[in-house]
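Only one chain is given next, in structure tokens, and it is the form predicted alone.
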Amino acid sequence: MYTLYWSAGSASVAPHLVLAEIGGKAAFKRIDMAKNEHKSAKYLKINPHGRLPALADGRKILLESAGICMYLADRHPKAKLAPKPNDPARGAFNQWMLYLSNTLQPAYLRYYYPDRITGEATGTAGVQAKAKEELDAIYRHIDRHLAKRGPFLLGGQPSAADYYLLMLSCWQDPVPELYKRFPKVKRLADALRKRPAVRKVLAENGLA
């Protein structure tokens, strides 16, 4: 049985969604970041970086949201959340998972945590402004792709990458009116939100 260590609205949302979709047996351990539980000695034994999420699979601990999603998708092929390793579509799946986690998500982090980029108090506003520009350009790229090859990132079948994009698209503070400005991203999000398991997880994360 899996155990997901999660915090509402954090990067744990994507693996939370994937676990719900595969229907696997799982326990959910909520970590209250407002109370700094992610920095407690107990949790640091699970993830020395003090970040969420973490997934326990027996004695094995996996970190990093995208990596956990890919691991779960491969472990549960019947859910069809990732092309098989020998499927030609696997390359595109890997590309989108890495693009979302290595390009889109870091732009969000620069907006929410500008102090990690500059030590100058007067510099944080500039970091945030640049992050907003990057987010706009990234979402325009994704929206164009979905317009040509959607409704999902790999075409007609949703994958774990779409659940990852759904999570990120819920973070709208630096991208006001995201769904209005990027209608194909909204179409993807709306399609996934029709699934009962998705609605349940989003509600638990305060994102319904």
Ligand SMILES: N[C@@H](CCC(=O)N[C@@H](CS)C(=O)NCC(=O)O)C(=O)O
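Numbers follow the displayed sequence, beginning with 1. For clarity, every value in this text was computed on a predicted model and none was experimentally measured.
Keep in mind the form predicted together with the ligand is missing from the figure; the text below concerns it.
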Q | Contact test in the predicted complex: Q105 vs the ligand, heavy atoms, 4.5 Å | A | yes
Q: Please run the contact check for L52 against the ligand in the predicted complex: heavy atoms, 4.5 angstroms, yes or no?
A: yes
(Q) Please determine whether K39 contacts the ligand in the predicted complex, using a 4.5 Å cut-off between heavy atoms. (A) yes
Q: Spell out, yes or no, whether the shortest heavy atom distance between K80 and the ligand in the predicted complex is within 4.5 Å.
A: no
Q.
Taking the ligand in the predicted complex, would S10, S65 and R116 all count as contacting it (heavy atom within 4.5 Å)?
A. yes
Q. Which of these residues, A26, M33, A56, C170, gets a heavy atom within 4.5 Å of the ligand in the predicted complex?
A. M33
Q) Just one of 152 to 160, 176 to 184, 43 to 51, 137 to 145 has heavy atoms within 4.5 Å of the ligand in the predicted complex; which? A) 43 to 51
